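Shown next as structure tokens: one chain only, the form predicted on its own.
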Amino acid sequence: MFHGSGLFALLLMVLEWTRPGLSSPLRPICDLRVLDHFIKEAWDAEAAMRTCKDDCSIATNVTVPLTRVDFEVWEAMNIEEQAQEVQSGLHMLNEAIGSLQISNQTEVLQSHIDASIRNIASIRQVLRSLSIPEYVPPTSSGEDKETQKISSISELFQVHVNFLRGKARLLLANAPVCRQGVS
């Protein structure tokens, strides 16, 4: 009987969270293990592409964010600037990875592409739960100095991993909503 009542309680909790018609804000997701899950999946994709040589070139170079972090500059930025940099980077990665769907890919590569796109959408949802501002495209069409061009799928997934491990992790670890209970 206890097992059934526990399952019933779990079902009630899930139904409460998904009840239609409620416009309650998302609960903040401050646990970095959530991001670690996405980093691991990105790392798996990068590891799978490491062995790929000729089949992993990209027809045209794609623009991706730089992954290096100058900690002095990062710390001097306010949360909105940090959020814009991360959201912009996620947008570039999503565009670059999404552009791979156009070409004929192997089933394995396609599964990594699909998973990466879903993971970026999930990371954006995590950022939304933390009240981190959405991506706002720049008004000027000039080339961003915080970008680089790459020409292979393995490089793309490597940038994806490094971006999540660096700037995305820094932003999530220091999100104001997550630090409210910390003194």
Partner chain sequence: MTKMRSDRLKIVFMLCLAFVTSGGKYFESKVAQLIRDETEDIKCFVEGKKDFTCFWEKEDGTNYSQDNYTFTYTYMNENKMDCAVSSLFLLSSNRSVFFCKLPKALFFTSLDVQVLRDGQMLYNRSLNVENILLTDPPRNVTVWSSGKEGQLNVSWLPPAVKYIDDSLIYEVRYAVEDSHMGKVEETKASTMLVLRGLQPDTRYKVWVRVKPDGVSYKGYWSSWTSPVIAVTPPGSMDPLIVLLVVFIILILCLLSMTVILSHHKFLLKKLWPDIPTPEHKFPGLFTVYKGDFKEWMSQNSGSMWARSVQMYTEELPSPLEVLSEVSLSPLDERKLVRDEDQRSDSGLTEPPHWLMEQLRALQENPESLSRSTLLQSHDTYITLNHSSGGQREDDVFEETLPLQTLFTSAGTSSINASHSDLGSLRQSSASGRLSSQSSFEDPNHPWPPKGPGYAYMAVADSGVSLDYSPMSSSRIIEIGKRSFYANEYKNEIFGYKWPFSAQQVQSGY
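Numbering follows the first chain given and starts at 1. Nothing here was measured: the structure is a model prediction, and the numbers come from that model.
This next part talks about the form predicted in complex with the partner chain, which is not shown.
*Asks:* Please check if D70 has a heavy atom lying within 4.5 Å of any heavy atom of the partner chain in the model of the complex.
*Replies:* Yes, D70 is a contact residue.
*Asks:* Does W43 make contact with the partner chain in the model of the complex, using a 4.5 Å heavy atom cut-off?
*Replies:* Because a heavy atom of W43 falls inside 4.5 Å of the partner chain in the model of the complex, the answer is yes.
*Asks:* Quick check on E80: any heavy atom within 4.5 Å of the partner chain in the model of the complex?
*Replies:* Contact check for E80: no, nothing within 4.5 Å of the partner chain in the model of the complex.
*Asks:* Decide whether A115 counts as a contact residue for the partner chain in the model of the complex under a heavy atom distance cut-off of 4.5 Å.
*Replies:* Judged by the heavy-atom cut-off of 4.5 Å, A115 is well away from the partner chain in the model of the complex.
*Asks:* Each of D36, N162 and R165 near the partner chain in the model of the complex, meaning some heavy atom within 4.5 Å?
*Replies:* The answer is yes: all three residues contact the partner (heavy atom, 4.5 Å cut-off).
*Asks:* Just one of S151, Q148, S122, S129 has a heavy atom within 4.5 angstroms of the partner chain in the model of the complex, so which one?
*Replies:* The residue in contact is Q148.
*Asks:* Can you pick the one in A47, V136, L66, C52 that has a heavy atom within 4.5 Å of the partner chain in the model of the complex?
*Replies:* Exactly one residue meets the criterion: L66.
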